[in-house]
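First comes one chain, alone, set out as structure tokens in the form predicted on its own.
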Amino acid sequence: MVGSDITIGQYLSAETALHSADPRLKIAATVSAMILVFTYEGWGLVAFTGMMLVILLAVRLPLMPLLKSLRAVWVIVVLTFLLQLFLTPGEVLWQWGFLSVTDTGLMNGVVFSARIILLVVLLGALTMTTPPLKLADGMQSLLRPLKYLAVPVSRVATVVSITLMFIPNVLEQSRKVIRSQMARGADFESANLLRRVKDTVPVLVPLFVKVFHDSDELAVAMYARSYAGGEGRTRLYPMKAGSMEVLFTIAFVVACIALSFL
């Protein structure tokens, strides 16, 4: 069903080591890994994939909800693979008409597709183990030096937290609209692509109307309370990073950097 398998941005309540870790360290480690993923080739990519799998299993993070997030980007993965497969020059391995598969295209297709999958897994692991408010607080803390460059850090963090909190609401609204349209005869499982596209339009229109209505109500509520950003806001539970968490984060980043040389 449309929108039922998207887990990026959704918090998954569980008792794992990643859930209890400091959000600033998780954000720093995730951003570092996402940047270094683009430098991995061949065995480096394989080694990083294995390291991520070991870490996720060690902290006992449920893998099935994380893997379901890949369904949201499977079209991008397949399209990236096919474009690299057929449009990259190199030694021809197979040819049919104007289509040809090269050795370089096959390798690039696998590498680029794997990078996209790893990026989604990293982002999914971050959002699934960090509540939106803590994620925004961690981002605000990391971006605090940008205040000296006149960057409204507190407002940026507020926008991010609101966006993350809106994702589950949008998904729930989409499920309600889909169920309503299915009760009226809409077919979202049809093999006919044109029929599915036609039945999707009645879902998007009320969904966008609902989203804009909720965002307008939120803006009015914030304005009525004279909200001017989170600058100077105190926290009931201040963020504290343990020494072991810092050591593990540094070790993870160092290992990611070392894998880029493979």
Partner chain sequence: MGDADSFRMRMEGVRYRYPRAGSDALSGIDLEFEQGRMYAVLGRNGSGKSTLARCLNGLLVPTVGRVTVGGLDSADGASGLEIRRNVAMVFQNPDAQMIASSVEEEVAFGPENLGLEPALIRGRVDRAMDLVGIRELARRQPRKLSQGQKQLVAVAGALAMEPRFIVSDESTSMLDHDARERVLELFGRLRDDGLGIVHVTHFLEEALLADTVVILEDGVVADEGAPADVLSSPDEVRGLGLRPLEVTVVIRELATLGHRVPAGVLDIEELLSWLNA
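The shown structure was predicted, so the numbers you read here are calculated from the model rather than taken from an experiment. Positions refer to the first chain, counted from 1.
In what follows, reference is made to the form predicted in complex with the partner chain, a form of this protein that is not presented.
Comparing 101 to 109, 83 to 91, 130 to 138, 147 to 155 against the partner chain in the model of the complex, the single stretch with non-hydrogen atoms within 4.5 angstroms of it is 130 to 138. Only one of W43, F212, F38, Y223 lies close to the partner chain in the model of the complex, with a heavy atom inside 4.5 Å, and it is Y223. The partner chain is not shown here, and in the model of the complex it never comes within 4.5 Å of any heavy atom of I116. Interface membership of R60, defined by any non-hydrogen atom within 4.5 Å of the partner chain in the model of the complex, is ruled out.
Although the partner is absent from this view, L70 stays clear of the partner chain in the model of the complex, with no non-hydrogen atom inside 4.5 angstroms. Within 4.5 Å of some heavy atom of the partner chain in the model of the complex lies at least one heavy atom of P238. Residues of 151 to 179 that come within 4.5 Å of the partner chain in the model of the complex, judged by any heavy atom, are M165, P168 in sequence order.
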